[in-house]
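Here's a solo chain for you in C-alpha cells, the form predicted on its own.
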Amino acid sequence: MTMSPPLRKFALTTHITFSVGWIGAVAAYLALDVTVATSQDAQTLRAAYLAMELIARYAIVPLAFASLLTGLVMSLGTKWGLFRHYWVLISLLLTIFATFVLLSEMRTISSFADIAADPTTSSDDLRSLGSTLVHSVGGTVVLLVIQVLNVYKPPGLTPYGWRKQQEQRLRTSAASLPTRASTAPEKGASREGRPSEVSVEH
C-alpha cells in the first residue's frame, strides 16, 4: 500500500525528526562519555555518570525505537519497499543492530549510574569505573552511515527487488495490450473509420 503525498510527507518529516534527534542525543551522551574518560574530578564524574544514564534511558532509547518504527512505515508505505533495495535493507539492519547494542549497553550505563549515585562511593572508585566510549563512538559512526544511505540512496536492487521489478514490467505490458488492440484500425476500414468502397465494373 502506497501512502498519499500528504501522509508520506508527514511520515517522512516524523522519521527525519526522530533520526536526527537520535544522533543529537548520542552526541550529547558522547560529550559526557569523553568527560568521564578524561576527567579526574570526582564531582564531575559523579554528575556525568548520572546524566549519561538519564540521556540514554529517556532520550536515546525512545528515539531509537521511534526511528526504527517510522523507518519501517516509510519503507512499507512508499515505492522503496523493505527488501527491494540494498540501501533500505542495510539501513534497516544497521538500525536494528544499533538498537540491540544500545539495549545491551544500558545495563552497564545503569550500573555506572547506580554506583555514582551512592554517596559512599569513593573518588578512587569513581575514577576506576571507566567509560563506554568505544560503544558511543561506534554508535555515532553507525548512525551517520545510516543517514548517508538515506540521503544518497545508492542504486542497487536485491534479487527480490529485481524479481518484483520484472513482474511489474510484465503486468504493465499485459495491461497495455488490450488498449493497443482496441485502437488498431479494422481490416478493410478506411482511415476515416468507414468501410472502404470497392468499385465493380459492369
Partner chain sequence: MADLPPYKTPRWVKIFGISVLVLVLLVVAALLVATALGLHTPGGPGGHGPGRPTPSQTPLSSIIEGDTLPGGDLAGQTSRSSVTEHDVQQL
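Here the structure is a predicted model, which is why all the values come from computation and not from measurement. Numbering follows the first chain given and starts at 1.
Just so you know, the form predicted together with the partner chain exists too; it's not on screen, but the next bit is about it.
Asker: Only one of L157, A31, A47, V137 comes within 4.5 Å of the partner chain in the predicted bound form by heavy atoms, so just point that one out.
Answerer: Contact with the partner chain in the predicted bound form is made by L157 alone.
Asker: Though the partner chain is not shown, can you say which of T38, S176, Q166, Q43 has a heavy atom within 4.5 Å of it in the predicted bound form?
Answerer: Exactly one listed residue reaches within 4.5 Å, namely Q166.
Asker: I'd like to know if Y86 sits close to the partner chain in the predicted bound form, meaning any non-hydrogen atom pair within 4.5 angstroms.
Answerer: Because a heavy atom of Y86 falls inside 4.5 Å of the partner chain in the predicted bound form, the answer is yes.
Asker: So, in the predicted bound form, is L102 in contact with the partner chain at a 4.5 angstroms heavy atom limit?
Answerer: Flag for L102 set to no.
Asker: Report yes if any heavy atom of L149 sits within 4.5 Å of a heavy atom of the partner chain in the predicted bound form; otherwise report no.
Answerer: Yes, L149 is a contact residue.
Asker: In the predicted bound form, is there a heavy atom of the partner chain that lies within 4.5 Å of any heavy atom of V73, even though the partner is absent here?
Answerer: The answer is no: V73 has no heavy atom within 4.5 Å of the partner chain.
Asker: Relative to the partner chain in the predicted bound form, which residues of 95-121 have a heavy atom no more than 4.5 Å away?
Answerer: Sequence-ordered list: E105, R107, T108, F112, I115, D118, T121.
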